[in-house]
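Here you get one chain, nothing else, as structure tokens; it is the form predicted alone.
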């Protein structure tokens, strides 16, 4: 029988292991259907319930066939205790995938299976399940390998993530986060047209901690929003200070994580900040990475329309880094297209094609009245190429590295270096 909650399953699993013969090895298995909420949205709640019932049937059959315990825990989370045999897990996987394909041939609502091979049967079943879940969490988004076994380093990695999350909370409280600014440059006029804000963690003991160390962890755990809002407000505070000091108005862009669109009302947040700091909305540009457009197309499209309708600028960041669709651009209204730096990394064999691609993107964007900025401009050859294809705006180390606020302020103070926001 399939048990109906965590504690019931854990109790039955512990009793089963106590009575099972010592000659057989067992494994604890956690099963999750990726994007199950989306399955319910597409096919309806009744279809979702039918899907869960099918998994229940598969697991009951497996435990009766091979001897074990299975449990439905919550939402689309299942657990099963079985003899430690990889073929049994593959059998579960194939039966669930066969059902998914009977509903829709080309949709990937496939099971993710995390496995903990039991070494100590006296360990609480809940602890065994936790380890299986840790293995499961490493599968998300990996469609090449859907069955993963727990390894000790997974637990260490999870513990490290928890430490980072804890330290970030302390750092926010202690105001250890700030932002650097990387200017955006007009290669024709030789003036700065704006800047991108980039988060920096200035740790009192460790110094500057790379964003790559903490941003992916915060995004994976859905906690990036608090840090993002902190930086957005810091940017707005500085914009107000610069205006009060009599400097020319310079547009500053901030980054919006795809997690933010689910965890907060981003339009309301930006409108609130603009009102609080009495800022012209044209001075705030919101950069949304290309992958967010692809993965959450309808939601992002709606938010972009609302942001632009409220008077903010919106740019598509890292264009070309993932699965950009030129057709998508005609439906999404953005003010700025940022060409991914990887387009500029070309060898002798691909330079002609690469140049042609960049030229086509620039021409297309200009016809749509969309600004184009090339990111990652690092050499004179990059600049020469951009001039050839008609891209006049650039961002990269060739002109300016990301710099502390104070350094940028010194540049802003020299008005002949600044092209004021329109």
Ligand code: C2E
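Residue numbers count along the first chain shown, from 1. Because the structure is predicted, anything quoted here is derived from the model rather than measured.
Separately, the form predicted in complex with the named molecule exists; it is not shown, and the next lines address it.
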| said: Suppose contact means a heavy atom within 4.5 Å; in the predicted complex, does that hold for all of 61, 115 and 135 with the named molecule? | reply: no
Only hit among 315, 251, 257, 238 for heavy atom within 4.5 Å of the named molecule in the predicted complex is 257
Answer key, the named molecule contact in the predicted complex at 4.5 Å (heavy atoms) among 34, 56, 378, 359: the residue is 378
Does at least one non-hydrogen atom of residue 396 fall within 4.5 angstroms of the named molecule in the predicted complex?
yes
Look up in the predicted complex whether residue 266 has a non-hydrogen atom within 4.5 angstroms of the named molecule, and give yes or no. no
### Task
Look up in the predicted complex whether residue 402 has a non-hydrogen atom within 4.5 angstroms of the named molecule, and give yes or no.
yes
| said: Under a 4.5 Å heavy atom criterion, is residue 228 part of the interface with the named molecule in the predicted complex? | reply: yes
Among 299-307, 195-203, 155-163, 90-98, the stretch whose residues bring a heavy atom within 4.5 Å of the named molecule in the predicted complex is 195-203
Across 211-230, the residues having a non-hydrogen atom within 4.5 Å of the named molecule in the predicted complex turn out to be 211, 215, 224, 228
